[in-house]
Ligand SMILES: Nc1ncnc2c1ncn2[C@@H]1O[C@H](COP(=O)(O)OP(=O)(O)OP(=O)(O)O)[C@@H](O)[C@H]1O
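As structure tokens, one chain now follows by itself in the form predicted on its own.
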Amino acid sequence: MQVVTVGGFKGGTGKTTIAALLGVAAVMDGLRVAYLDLDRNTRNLSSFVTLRRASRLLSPDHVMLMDMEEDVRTDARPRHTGRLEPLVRMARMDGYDLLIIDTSSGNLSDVYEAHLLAGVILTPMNESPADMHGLFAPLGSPAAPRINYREMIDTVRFDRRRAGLSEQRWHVVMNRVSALPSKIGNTINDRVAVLAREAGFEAVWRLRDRVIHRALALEGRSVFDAPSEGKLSMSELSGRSEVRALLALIDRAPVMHMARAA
């Protein structure tokens, strides 16, 4: 079973959108898929699944994780609490092919553990200096965020090496990319390419800004569902191709056989 964690401490980057689209694409390909929703505040992924089921659309199975002790410390390394590990183990035993974990934007122990247990980490960001700074500013840099995502990834990698686990594949997904090139977009792309070498993430993937993607929260319908008008638009066909390329990347990643982390 492949475990994919969609994460990042910057809100509004499209984490839930990426998780939702990947899950539906995988189900449409015949895989057994489960969602794990860690965002106990907005519950957007849970809402998406509820909308799809109400519309009788094919959906991944779903778990909303509730009532977990929050850990918002910014002055200490995250703790491995072991809360998520039994859920991952049960999903593997139940024969799921793919588990997609949608995280919150806070520095919580369950978010750290979701990254620790992942075989693939996907980090969405917009073509925005605020997103780039909020996700990848190195510790100690001027105005670095108090909750530092890049530092957490370094901690996860250190802890996995200590536990004898393979290093995950980490990819950035540029989300809501404009169809027209822009000066700020080109600048961000150039800097992200440099960050990839510095921070250690792999290929950068891009999803265009599409009306159908932004409408997920309205009725739970995605580019992989039959359109209400009965005919797919060119934007929907292109959207399918983009998401399938991202899913193919996940399928190619090696399955990490999880040992219990120390």
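Quick note: we count residues from 1 along the sequence shown, nothing fancier. Worth saying up front: this structure is predicted, and the values here are computed from it rather than measured.
Although it is not shown, the form predicted in complex with the ligand is what the next lines describe.
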The one option of 34, 27, 196, 207 with any heavy atom within 4.5 Å of the ligand in the predicted complex is 207
With a 4.5 Å heavy atom cut-off to the ligand in the predicted complex, the contacting stretch among 155 to 163, 113 to 121, 175 to 183, 135 to 143 is 175 to 183
Original post:
Does residue 240 reach the ligand in the predicted complex if we count a contact as any heavy atom within 4.5 Å?
Top reply: no
Since only the chain is shown here, I'm wondering whether residue 244 would be in contact with the ligand in the predicted complex (any heavy atom pair within 4.5 Å). no
Point to revise | 4.5 Å heavy atom contact, residue 52 and the ligand in the predicted complex | key: no
query: Wondering, does residue 236 line up within 4.5 Å of the ligand in the predicted complex on heavy atoms?
result: no
In sequence order, the residues of 6 to 21 that place a heavy atom within 4.5 Å of the ligand in the predicted complex are 10, 11, 12, 13, 14, 15, 16, 17
